[in-house]
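Before any questions on binding or motion, here is one chain by itself as structure tokens, the form predicted on its own.
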């Protein structure tokens, strides 16, 4: 099993190194190709980091940049910008940017990243995106790497993430993990949570809008898990403030570089190989306080992979 785990992590890292970590700009053959870059709010690192990485990769290609922070009429702003420019492709960073462009319609190719609700757009024609979270198989491999004694992981899901669960089950089997998935609805929320907490050794949360439908319900989930001394594994560092033990987070700069590679393919008249791509890079956040509180067995060698450590 250890060999399988190491193989999965090695293959995952190989993707990172080969795909997107190079910061070399794209070819500077500008021609008449013009890209509209729409940022939901560039003052937030979540949106600024991929935007800066994207611009660096684009080199000398002409960019028309729009920041929607504080804009109460984003659709009008974007329509005016598009009318004033000959736009060949659009890069949207964040849900506000993507939702506004989607409302406008049109046939211009759209690439997006940093969008939690990306599944709503995965079947849109001319839309290409980088998901908001690391591939489930890679997340499970990291979980096993850090906590090799944890074998039963519970996960709540809805019809929105049903396809994720199907893929994750296969990955869990390869890692000798038991993935106990429970489909949730509003009427049975707390019952389902308590059932999982009673029969599993950790809870894994997905970017599911039904499971995480409100701040209050999300906080309740973490409180119930804490009462049972059950670690929560997450996909974004902001969950660390709620009490997550481990989070495998998408590397934001990498998502911007992946978006740039998609734009480059479109510039060459080639559709990207996959209309939806998982981030090829990741960062790891670990809450050492929770590890100690719950008396968890942690593989000390895994600490070398930690990007953010909460220890006091």
Partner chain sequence: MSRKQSTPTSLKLALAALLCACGLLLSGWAGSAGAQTITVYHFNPESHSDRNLVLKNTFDQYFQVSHNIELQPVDDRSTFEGLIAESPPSLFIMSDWQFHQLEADRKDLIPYLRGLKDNNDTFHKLLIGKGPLSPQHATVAVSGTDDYVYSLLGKMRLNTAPLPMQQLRLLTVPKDIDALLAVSFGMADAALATENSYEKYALLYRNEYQQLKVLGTSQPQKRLVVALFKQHLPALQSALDALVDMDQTPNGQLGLKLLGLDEWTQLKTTRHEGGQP
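Positions refer to the first chain, counted from 1. All of these numbers come straight from a predicted model, not from anything done at the bench.
There is another form of the same protein, the form predicted in complex with its partner chain; it is not shown, and what comes next is about it.
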query	finding
95, 137, 78, 230 - the one with a heavy atom within 4.5 Å of its partner chain in the predicted bound form	137
Contact of residue 51 with its partner chain in the predicted bound form (heavy atom, 4.5 Å)	no
Proximity of residue 234 to its partner chain in the predicted bound form, heavy atoms at 4.5 Å	no
Proximity of residue 281 to its partner chain in the predicted bound form, heavy atoms at 4.5 Å	yes
is_contact(residue 141, its partner chain) in the predicted bound form, heavy atom dist at most 4.5 Å	yes
Among 265 to 273, 60 to 68, 34 to 42, 239 to 247, the region lying within 4.5 Å of its partner chain in the predicted bound form by heavy atom distance	265 to 273
Any residue of 244 to 264 that, in the predicted bound form, places a heavy atom within 4.5 Å of its partner chain	251, 254, 257, 258, 261, 264
